[in-house]
Each structure stands twice: as structure tokens, then as C-alpha cells.
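Just the one chain here, the form predicted on its own, laid out as C-alpha cells.
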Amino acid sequence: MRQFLAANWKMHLYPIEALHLTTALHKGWERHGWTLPAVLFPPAIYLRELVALLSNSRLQVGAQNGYPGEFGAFTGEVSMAQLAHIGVKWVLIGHSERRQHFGETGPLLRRKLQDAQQRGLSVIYCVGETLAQREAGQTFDVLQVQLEEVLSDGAIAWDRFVLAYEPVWAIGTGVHATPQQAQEVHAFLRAQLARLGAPAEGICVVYGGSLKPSAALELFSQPDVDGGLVGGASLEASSFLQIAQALLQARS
């Protein structure tokens, strides 16, 4: 069954807060006996500690960013090889904030994805349109380009790949796509994955963009919405656990 959940903490939390949140989520998963695949994406300075803390947990740990390669004169970066070496299992690639604030574009994202998978990491690849692009009727054109410029050569380990649709106009705004809007886009993305040679029916396509517990059940009840990449609502254990419960209920 296609279901997947991820928590993107972005640049939030002090060390003790990250520790308490991780512990609460681990206990929640264990208490319910959930086998739901879930990944926590903390700030980079907490990665090693969380990998150790969750060594016997169903929860896994991912990095919010990684640089292709092993070593090099790239001040401030952490390589995919270094991430894999400390036990990180996942990496986010193509998040709209990396595209917008740090100028990351297709060629670099392609290198990141390919290098991450070569190092044994699994990838969540993010795509999404801005408000101006949606209002101009360009949503599908933008998403097609974002897929093709990174995934078109077919050298992708699809069994270690999740696609996230994150409408830029919904991130951090409190506004989320309606279930109908999300389903329309997710169905389009799945069709595009199939066109690019992926086993599309087996790939999780998840939604990210102001996802809250109150909207989760209806959203996850859509046939092509397989879970979530959760931002602000993942910073509190209770809300993230509610979203997990909604996903399990919708797919039961």
C-alpha cells in the first residue's frame, strides 16, 4: 500500500526541543504499533544524534540538504557521502525554499539526486508552482519541466524515490490546496512518472503545503495522495501524530 509521511523541521528547534520531539514521536509510533513509513528531517546539526536515538525505531532520519560528492572545497556544505556515512537514510532535493532562496536549478538538482542514490540514500524530490504560475494556468507546464529536467535519463532507483508536490503558494501561508486541487495535480504527476518510465503505481506521491490535522483525512482520502511532507505541523508531536493517524485511517 502506498503511504508515506515526512516531517521537515526546516531551521527550527533548539537541541533539547529536538530531542524531546523525537522521543515523543518514537514513543507514539511504538505505542500504536504503527508500521507507517516516516522520516524526520531535522536541522543538520542534529542528524547524528537523532540517527543514534532512532537506531531501533520505525522512524528514519533524513537530511534537508546535501551536496553531490564526497569531499571538496565547498565551505558550509555537507556531502551526500558524509550524510550516508553517519547513518542518514534520506535527503530532500528540490524543495522550493532551496530553489527560491539558494538558486538551485535543474542541473544541480539532477546531480544531487543521482549522487545521493549512488551513495545509498533515498530521495524525496519536491516540485511545485508559484501563485503567479498557477494563476497564469502554467501549473502543469511548470511541473512537467521540473520532473523532466531531473528524472528524464531513467537512471533512477525508483524503489528509493518519493515525489512531493508542494505548491509554493501554500507553503507557510496557512492556505493549502483543496483535496480536489491536490488530487488533480497528483494524478498528473503520476501520469508523468509513468511517461518517464517509472513504475508509477508503486511510487508514493505526497503533498506538502500548510498540511494540518484538520485537513489531513479528506486530503489523504484522495486516490493519488499517498501521504504528506509536513512542515509547521511537524514541530509538535500531537499534531504530527494526528496527521499520521489520519493517513492510516484514510488508507485502512
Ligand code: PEP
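Numbers for residues come from their place in the sequence shown, where the first is 1. Quick caveat: nothing in here was measured; it's all calculated off a predicted structure.
Quick note: we don't show the form predicted together with the named molecule, though the next part is all about it.
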### Query
Using a 4.5 Å heavy atom cut-off, are G128, R190 and D224 all in contact with the named molecule in the model of the complex?
no
### Query
Pick from 168-176, 145-153, 100-108, 71-79: which stretch has a heavy atom within 4.5 Å of the named molecule in the model of the complex?
168-176
### Summary
Exactly one of S210, Q183, S57, Q64 comes within 4.5 Å of the named molecule in the model of the complex through a heavy atom, and that residue is S210
### Message
Is A244 near the named molecule? Define near as a heavy atom within 4.5 Å, in the model of the complex.
### Response
no
#### Entry: Contact flag, K10 vs the named molecule in the model of the complex, heavy atom cut 4.5 Å
yes
### Message
Whether K112 contacts the named molecule in the model of the complex should be assessed with a 4.5 Å heavy atom distance threshold; does it?
### Response
no
### Message
Using a 4.5 Å cut-off on any heavy atom, which residues of 216-232 would contact the named molecule in the model of the complex?
### Response
L229, V230, G231, G232
